[in-house]
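To begin, one chain is listed below as structure tokens, in the form predicted alone.
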């Protein structure tokens, strides 16, 4: 009778069996101990890796969806959207709003469900809904990635000086950043940007190309692309062919009248496919008549510098 191939594994001695069992148990415990010791830092490193990937994805989403309104680096756009890469935004904004949740929950809710805005306010443009749960285009993981990217600014933002902070202060006494600074200085009135601010007509007129940027127009309108069914702009119409189409928009209005009315009373005519109340209603208070007329002429000039 032949012995099985594994006969050499057979151990006759009971003592040897016990010794091998104890040794195997010790080795098993040592391996488990090593896993326990290394698992915590491994998981921390993996978490940091996933967070880094999420921030990278959020940066790409921000550049394509949020930067036109909030600025390439979160510095905000006047009349369009507030700064997010801001000391005030991270340290005071939630207190101003009376929001008691976390900074991340505020960002998640705002990005997902949007945020309405009053017509006559510092930022008259409504925040769109981005989550698919509310009719938007983004998945929950993409909303989370956007929030992680925005919150990634916090460490550097809180180190900004008052002069470096891009937040647009409010006019009058309030609990905004201007109000905080004023309260600390014992001042009862502050000057900033608001829906009631007027522009002195004795000041040097600002150039149209400067106004187009400073008034936030560039955040919503593309000067170089024509507006047609193949190249619609997400927020406001493209202006590349404005000189050709402006005089055809409203019966009885020439191009100059149409553009002028679109600036000072934008709700009088809203281009099909776009929403009312997105453009600020107070440009007549933020620019002088001379500046508005110059801006109209510049917008209708097909030879303006690109």
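Owing to the predicted nature of the structure, the values given are computational and were not obtained by experimental measurement. If you superpose the two forms and keep the largest set of C-alpha atoms that fall within 1.5 Å, you have the rigid core. Residue numbers count along the first chain shown, from 1.
There is also a form predicted together with heme C (HEC); it is not shown, and the following applies to it.
Enquirer: Could you tell me if all three of 55, 59 and 76 have a heavy atom no more than 4.5 Å from heme C (HEC) in the predicted bound form?
Expert: So, no: the whole triplet misses heme C (HEC).
Enquirer: Tell me, yes or no, whether residue 227 is in contact with heme C (HEC) in the predicted bound form, where a contact means a heavy atom of each within 4.5 Å.
Expert: Close contact exists here: in the predicted bound form, residue 227 approaches heme C (HEC) to within 4.5 Å, heavy atoms only.
Enquirer: Flag residue 27 as yes or no: does it have a non-hydrogen atom within 4.5 angstroms of any non-hydrogen atom of heme C (HEC) in the predicted bound form?
Expert: Residue-level check for residue 27: no, no contact with heme C (HEC).
Enquirer: So, residue 50 and heme C (HEC): in the predicted bound form, are they within 4.5 Å at any heavy atom pair?
Expert: Residue 50: no, not in contact with heme C (HEC) in the predicted bound form.
Enquirer: Check residue 115 for me: does it contact heme C (HEC) in the predicted bound form (non-hydrogen atoms, 4.5 angstroms)?
Expert: Although heme C (HEC) is absent here, residue 115 would touch it in the predicted bound form, with heavy atoms inside 4.5 Å.
Enquirer: Which of the residues spanning 236-261 lie within 4.5 Å of heme C (HEC) in the predicted bound form, based on heavy atoms?
Expert: Contacting residues: 236, 237, 239, 242, 249, 258, 259.
Enquirer: Taking the rigid core as the superposition reference, indicate whether the CA of residue 259 shifts 2 angstroms or more between this form and the one not shown.
Expert: Superposed on the core, residue 259 moves its C-alpha 2 Å or more between this form and the one not shown.
Enquirer: Comparing between this form and the one not shown on the rigid core: C-alpha of residue 92 shifted by 2 Å or more?
Expert: It does not, since the residue 92 C-alpha is displaced less than 2 Å between this form and the one not shown after the core fit.
Enquirer: Has the Cα of residue 270 moved 2 Å or more between this form and the one not shown, judged after a core fit?
Expert: Yes; residue 270 is a residue whose C-alpha shifts (by 2 Å or more) between this form and the one not shown when the cores are overlaid.
Enquirer: Since the Cα-Cα distance for residue 270 and residue 132 shifts by 3 angstroms or more in the predicted bound form, is it a contraction (closer) or an expansion (farther)?
Expert: Compared with this form, residue 270 and residue 132 lie farther apart in the predicted bound form.
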